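The chain below stands alone and is given in structure tokens; this is the form predicted on its own.
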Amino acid sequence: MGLVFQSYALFPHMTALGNVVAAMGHRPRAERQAAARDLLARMGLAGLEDRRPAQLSGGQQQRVAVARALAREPRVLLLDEPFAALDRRTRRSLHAELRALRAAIRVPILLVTHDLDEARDLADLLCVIDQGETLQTAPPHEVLAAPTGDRIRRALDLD
């Protein structure tokens, strides 16, 4: 499983390239640098490989975190509030990149978010959870058009 956290969880003493290479222990050492550079390029970070996290914008740090998660060649990718700390413009840009990434990597992505607009825009399937209980699971348009009860309407602030 590849994990991307809200806070990015990058190693501050390592470069972007080093952060991605650090996740490639399963690959032969001779392949790691080239594979990490390729992942960073796919995330739009070519030319920034030698920068440390503090030298990158929030959106760039998030892209490094995604590249690092993908470096493990996961069978599923878990994104935990990955866009919460970003400004609206960067968030929209990364939403588009995530949609393109989904098509390219063909790995299931589990996105945890409290942002209903984000869930509607990015999800194929929306699972609404309130206080640890699953209230409804369906495509986003179905959940929003036909919530299954008052509790889900309140959870989604649809009243």
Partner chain sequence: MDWPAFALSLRLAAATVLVLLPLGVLVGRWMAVRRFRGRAVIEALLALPLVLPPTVLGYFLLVGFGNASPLGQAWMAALGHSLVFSFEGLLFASVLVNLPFAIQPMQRSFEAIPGDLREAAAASGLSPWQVLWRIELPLAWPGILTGLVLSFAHTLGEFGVVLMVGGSIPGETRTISIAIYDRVQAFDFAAAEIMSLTLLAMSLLALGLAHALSGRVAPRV
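Residue numbers count along the first chain shown, from 1. This is a predicted model, so every value here is computed, not measured.
Form predicted in complex with the partner chain: not shown, discussed below.
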Can you pick the stretch from 41-49, 106-114, 22-30, 90-98 whose heavy atoms fall within 4.5 Å of the partner chain in the predicted bound form? 22-30
4.5 angstroms heavy atom contact with the partner chain in the predicted bound form for residue 135: no
Should residue 158 be counted as a contact of the partner chain in the predicted bound form, where contact means heavy atoms within 4.5 Å? no
When the contact criterion is heavy atoms within 4.5 Å, does residue 63 count as touching the partner chain in the predicted bound form? no
Consider residue 12 of the chain shown here, and say whether it contacts the partner chain in the predicted bound form, taking contact as heavy atoms within 4.5 Å. yes
Scan 59-80 and note down the residues that get a heavy atom within 4.5 Å of the partner chain in the predicted bound form; none is a fine answer too. 61, 68, 72
